[in-house]
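Next comes just one chain, in structure tokens: the form predicted on its own.
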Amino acid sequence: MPYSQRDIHVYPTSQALLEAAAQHLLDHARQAIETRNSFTIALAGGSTPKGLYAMLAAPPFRSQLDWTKIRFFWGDERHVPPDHADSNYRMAHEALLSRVPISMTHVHRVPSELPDAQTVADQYEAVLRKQFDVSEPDIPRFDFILLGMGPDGHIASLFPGTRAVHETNRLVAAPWVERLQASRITFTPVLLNHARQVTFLISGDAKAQTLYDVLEGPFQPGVLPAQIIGPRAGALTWFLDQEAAGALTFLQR
């Protein structure tokens, strides 16, 4: 159910949410392939995106995409090897990539096994520029970026209180996240807000209060990084289940 105030879609169950999001992604992929002969997507980590990937890899969606024209990237990654249990790449590979007919030359994972996080970010930024054939100061433009949101309002690996939330030059950053005692690799707002389509996928009542703060509270992206997302020449769409949307007052009017 769309709401005219913003491009927000709310579904009664997480299953209905995933089905609608899968169709949404499929429609954008088809349009991009028809227009530009390829579809560039940045994947997200998390349990809800994992459900989406599993759905895309199964009937009826699996047969409706030209998988050979899709180029896969990651909006963020943990600083772990690709076979680690916490790896976003590993999750996507197991749920989706290993189950569909893709060329591995179209899979561009973060080189997160390298020991220095900043080197990982530098190398991934170079990969992006090479794959999109874009030199500074121009910015690669993704067809589709998928985002989740944590209960603390973080998106990708832009966490509250990290300088990367306010980055205005780099495409990829390697913030140290104090509460996790770990570095993360993440797209910055520079890259995220240059996409043709950014889609949030949010489910569960644990996100409800934070989503209210993001959409109805004061603008404070340093505290709620999800607020920094606003594609300058693209579209922003929110896919929510009823539990996640439960605190939003403007949907109740």
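Residue indices: 1-based, along the sequence shown. Worth saying up front: this structure is predicted, and the values here are computed from it rather than measured.
A second form of this protein, the form predicted in complex with 6-phosphogluconic acid, is not displayed here; the remarks below concern that form.
Shown alone, this chain has one stretch from 62-70, 220-228, 38-46, 191-199 that lies within 4.5 Å of 6-phosphogluconic acid in the predicted complex by heavy atoms: 38-46. Of the heavy atoms in residue 154, some are within 4.5 Å of 6-phosphogluconic acid in the predicted complex. Within this chain, residue 76 lines the site of 6-phosphogluconic acid in the predicted complex, having a heavy atom no more than 4.5 Å away. In the predicted complex, at least one heavy atom of residue 150 sits within 4.5 Å of 6-phosphogluconic acid. Interface membership of residue 88, defined by any non-hydrogen atom within 4.5 Å of 6-phosphogluconic acid in the predicted complex, is confirmed.
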